[in-house]
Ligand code: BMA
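Here you get one chain, nothing else, as structure tokens; it is the form predicted alone.
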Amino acid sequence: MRVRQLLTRHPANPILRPDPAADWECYNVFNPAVIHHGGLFHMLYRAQGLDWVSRLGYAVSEDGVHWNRLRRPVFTPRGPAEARGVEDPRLVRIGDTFYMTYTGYGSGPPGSLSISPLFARSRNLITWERIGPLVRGEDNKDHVLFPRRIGGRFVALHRRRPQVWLAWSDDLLTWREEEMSPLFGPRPENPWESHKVGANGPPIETEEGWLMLYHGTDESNVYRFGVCLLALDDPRRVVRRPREPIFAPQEMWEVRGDVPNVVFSCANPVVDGVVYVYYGGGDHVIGLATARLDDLLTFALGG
């Protein structure tokens, strides 16, 4: 299958590995949120340790490659909806507040599990106030906020399997069903995204529209990245969606890992015209791949 590989892997990969000396992150570190603020890269990353419960750690970097991390997690499970872990964070800053979307992996009725799309906010990226869910009682994840309000409202991408959906809210507390709509779904004619699709990091605002990186899986559950362009004034409209993927597993730690053939991204901050795509490889370590924003936009417009 043709993969253009528009993203260039950093030679220092993997840039973050499990810490065998830490009980809470000795097995896996993956699927991080990263935001560039105050001249630094700030990372919230998913970690699993001796009990296999996911927690979120914090790390900081001057160059986006070499990281200093705190010794203890900054966000840990709370309540039934998070009993088995907090997963796959994504970060935006709106005004003077950081907003995190994350998945709660919890316990449902006897013998069942729950997957919940949840929100939290912070002023310092270390202490967090939980806000609540986008929806209740359904398998819904891969949710991420747009990095600014649109028409004065919060807008979120989320996934109702197997499609990407769009939702609107005035306050992050109330998400009305009648204001949710499907955005795009798998394309059977494209084997790499024929099974399911979901959002990656926050959409990137450009003059041409919202540049969105997303992931798709095939029938063998191999993950690849694609891009699409959404209308700037109305993100419910898909302007362009190239058929070719731009990134696929190829390194040993992406192809094998704890879960094979997985590259999964929750972060794509733009710094000095470069898109930094942070991703989990094989659900085990964290990698970095980059591209010029102009190059990704040219590809999106030409697709």
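When you see a residue number, it is the position in the sequence shown, counting from 1. All values reported here derive from a predicted model rather than from experimental measurement.
This next part talks about the form predicted in complex with the named molecule, which is not shown.
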Exercise for the section: State yes or no: in the model of the complex, is some non-hydrogen atom of Glu193 no more than 4.5 angstroms from a non-hydrogen atom of the named molecule? Expected result: no
Exercise for the section: Although the named molecule is absent from this view, report whether Asp295 comes within 4.5 Å of it in the model of the complex, heavy atoms only. Expected result: no
Handout entry: Contact flag, Val259 vs the named molecule in the model of the complex, heavy atom cut 4.5 Å
Key = yes
Exercise for the section: Could you confirm whether Asp283 comes within 4.5 Å of the named molecule in the model of the complex, counting heavy atoms only? Expected result: yes
Practice task
Select from the listed residues Phe98, Tyr223, Trp175, Trp165 the one whose heavy atoms reach within 4.5 Å of the named molecule in the model of the complex.
Solution key: Tyr223
Exercise for the section: Pick the stretch from 231-239, 247-255, 260-268, 66-74 whose residues have a heavy atom within 4.5 Å of the named molecule in the model of the complex. Expected result: 260-268
Handout entry: the named molecule in the model of the complex - contacting residues of 130-150, heavy atom within 4.5 Å
Key = Lys141
